[in-house]
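Shown here is one chain on its own, the form predicted alone, set out as structure tokens.
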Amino acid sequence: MSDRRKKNSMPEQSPAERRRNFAEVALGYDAETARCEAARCLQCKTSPCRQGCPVEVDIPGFILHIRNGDFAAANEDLLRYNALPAVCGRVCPQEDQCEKLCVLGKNGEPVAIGRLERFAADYARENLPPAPVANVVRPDAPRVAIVGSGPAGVTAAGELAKMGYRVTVFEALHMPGGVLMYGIPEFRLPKAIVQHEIGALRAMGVEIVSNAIVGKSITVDELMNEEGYQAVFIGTGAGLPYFMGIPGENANGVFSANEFLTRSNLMQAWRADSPTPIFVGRRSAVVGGGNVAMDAARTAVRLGAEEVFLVYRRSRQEMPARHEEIDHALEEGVIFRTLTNPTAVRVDDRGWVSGLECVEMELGEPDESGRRRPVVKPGSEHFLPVDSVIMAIGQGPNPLVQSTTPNLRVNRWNNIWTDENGMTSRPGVFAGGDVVTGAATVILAMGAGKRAAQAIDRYLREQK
């Protein structure tokens, strides 16, 4: 295969080195490599790659700027469409979105769109003076409340601020960013980068209120009827963890991946002097096969577990995690126990985890997801001795806002119902992202936030 048909490789920390630290694994392109990769782009007139981008970034446009060495213009192009380019360049599943539609991918590897997006944003942050951001908020404009500062919320806030609205973001935790701060490990997404990109919102005039739990300290109705907000966007994500419901699951040493990653990311449990340390023990098991499971397993390695097992009921081919994350986990020594399903957590006489009782699985006919359904292999019961168990089998929406907002329509999973414009069953109340769709990707949540901002603008104009 010629160089033209292959992506330029991304430099990384070695597995032996990165197992012992929380520094970023992927080190990014340098300018020469970025220009070389950008030169692979065919600059297709139809731009099929854009069809795969939920926020419709002008992909050929920003890549052309990189090829020409105008990195500032590349970043400016990105920011027209995407408020979080350095974030998306790191965590978006480009292989299933924009890169999937790249023409070069038909006979080789697609252009490394995500790596180039990261490069442009990083170059601007590290080498260029901060671009002046005009505060375009109109002092007499309607007020809009954003509930949640994750990808959907910050995108909606940014789009509305550009239109001149007075926007306040309410965040339950002490740092804005939502899942970008508490859910994705530092070694995949440095928190300073998240805060840098959120800082641009403040410069635009967006107010961010932390430690504000909407549904408890204040309700959606109070925001609208007493505080004077004329529209509300709910972007509270999917932070309620699921458990298997097996015996022993309430033992000491069993964690949800949400708690485990929040302690590590937002509360720095990896520090020796952390006020909120977390126990991993000598041997840890992570149950699940998605990106969250990979994040939890790789975090357990860095927190000092000597052996980390990834227990997944299907085969590696059916894992929903990104291939890159699977490869990194294997390189870092995570032991995959595929076609294996826990049936109980064994608990010692002190109430602590002593292991997992498991069965082997076989793959049967495909289920509604298109993946082959796992069925129990008779007589395959076995025991896996571990000190801690991390459940990473999915999550749903926290019910707090829904339960305190009368006449807000939800489905049986407690996801908020919206119409095609993001409007809920309550006039003036909109929603988007994981709280509507269930757990999905950062960029899909951003796309929902962008569409909702446009719908809020139309709604408020109609009210006038």
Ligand SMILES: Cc1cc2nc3c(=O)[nH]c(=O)nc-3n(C[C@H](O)[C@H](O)[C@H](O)COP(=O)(O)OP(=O)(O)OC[C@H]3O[C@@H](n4cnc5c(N)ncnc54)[C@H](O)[C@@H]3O)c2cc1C
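Keep in mind the model is a prediction, meaning the values are calculated, not measured. Numbers follow the displayed sequence, beginning with 1.
Not on display, but discussed next: the form predicted together with the named molecule.
Interface membership of residue 212, defined by any non-hydrogen atom within 4.5 Å of the named molecule in the predicted complex, is confirmed. Although the partner is absent from this view, residue 284 stays clear of the named molecule in the predicted complex, with no non-hydrogen atom inside 4.5 angstroms. Put simply, residue 150 is close to the named molecule in the predicted complex: some heavy atom of it is within 4.5 Å. Shown alone here, residue 418 lies farther than 4.5 Å from the named molecule in the predicted complex, counting heavy atoms only. No residue of the trio 159, 163 and 447 has any heavy atom within 4.5 Å of the named molecule in the predicted complex. When the named molecule is considered in the predicted complex, only one residue from 144, 345, 261, 391 comes within 4.5 Å through any heavy atom, namely 261. Heavy atoms within 4.5 Å of the named molecule in the predicted complex are found in exactly one of 331 to 339, 380 to 388, 364 to 372, 290 to 298, that being 290 to 298.
Along 164 to 189, residues 170, 171, 172, 173, 178, 179, 182, 183, 184, 188 each place a heavy atom within 4.5 Å of the named molecule in the predicted complex.
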